[in-house]
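Okay, here we've got a single chain as structure tokens, the form predicted on its own, with questions on binding and movement later.
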């Protein structure tokens, strides 16, 4: 009997998941033709939270940069959308892309400053920087100061002719952003940079001894996630059509809920943010009418999951059934031929 050993980077489960995902994406693309306005808004919000969670997971789950200040780039992206469309006269779609570029650029000096901190001090430093952003934009009277401002009607109408068309466009942009972010994270983690990130996550000291530039690798991840987070922020406030410092830089909405999603789903996995986002919105839509009890239930769910499944829901499923829908590493497969 001969044993044939093969090295593979995929699995049957991953192939089936890819086919199902493609079918689901086709159905979701056609959603404006079969879903109502409220459903489109909800699904658009789900996609944007999925994108934020995937980016935070890349930052904290792989690069080890536990930030509680990513709302800085959500708000920055939103304000750049308003500023570039109102004052520079740019089309909203161009402004969204440029907001991402500016978000990446502004993150460079921020990273140079906060990367001097470690552990809990780094987390606190990111939150402080987010507060600096919030207070700074609150002083810009041209954008409404502390009370905020709304996107002018002529800019909103320039996106599409009718309200239904504008809402469909906003939905497609949110869906496209989520697909782009998840794909970008997946491809990055399958690259040499991803191998370096995985090594850094497992053991920084050993990674450094192997010649990995830890500071540079983390810096690149921070800049990339900041730029993409700014794009998501621009899309969020394109849907809302109004922005204010408190809403744009809300640590509760753009960081606390995102951390909940990643921790519940499974930090350090691509599937985790997807599962976590679905759980979060299921709980929110079911319990939101209960007021403060809703937040208490979220906290209780987080505590139970962390105690019973420290690696999150997907981590538990993956370990139990040896299942990976987004395989990143290589697998050794043995086939016995008689």
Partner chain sequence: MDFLNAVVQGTLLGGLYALFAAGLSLIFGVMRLVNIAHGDLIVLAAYLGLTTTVVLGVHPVVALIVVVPAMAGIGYCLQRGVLNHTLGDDILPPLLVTFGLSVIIQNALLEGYSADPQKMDAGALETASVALGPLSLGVLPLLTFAIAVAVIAGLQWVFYRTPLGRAFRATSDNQDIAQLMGLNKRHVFGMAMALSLAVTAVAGILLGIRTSFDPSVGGGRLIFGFEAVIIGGLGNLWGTLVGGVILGVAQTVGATINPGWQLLAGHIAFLVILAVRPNGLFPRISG
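Residue numbers count along the first chain shown, from 1. As the structure is a prediction and not an experimental result, all values here were calculated from the model.
The protein also exists as the form predicted together with its partner chain; that form is not presented, and the subsequent description refers to it.
Participant: Which residue, 189, 151, 263, 98, has a heavy atom that falls within 4.5 Å of its partner chain in the predicted complex?
Facilitator: Contact residue from the list: 263.
Participant: If the cut-off is 4.5 angstroms on heavy atoms, which of these, 117, 105, 156, 94, is the one near its partner chain in the predicted complex?
Facilitator: Contact residue from the list: 117.
Participant: My question is simply whether residue 123 lines the interface with its partner chain in the predicted complex - judged by any non-hydrogen atom within 4.5 Å.
Facilitator: Yes, residue 123 lies within 4.5 Å of its partner chain in the predicted complex.
Participant: Heavy atoms within 4.5 Å of its partner chain in the predicted complex: does residue 222 have any?
Facilitator: Residue 222 lies outside the contact set for its partner chain.
Participant: Does residue 288 reach its partner chain in the predicted complex if we count a contact as any heavy atom within 4.5 Å?
Facilitator: The answer is no: residue 288 has no heavy atom within 4.5 Å of its partner chain.
Participant: Hey, in the predicted complex, does residue 231 get a heavy atom within 4.5 angstroms of its partner chain?
Facilitator: Contact check for residue 231: no, nothing within 4.5 Å of its partner chain in the predicted complex.
Participant: Thinking of its partner chain in the predicted complex, which stretch from 300 to 308, 274 to 282, 44 to 52, 22 to 30 has heavy atoms inside 4.5 Å of it?
Facilitator: Contact-bearing stretch, as computed: 300 to 308.
Participant: Heavy atom within 4.5 Å of its partner chain in the predicted complex: which residues of 17 to 42 qualify?
Facilitator: Read in sequence order, no residue approaches its partner chain (within 4.5 Å, in the predicted complex).
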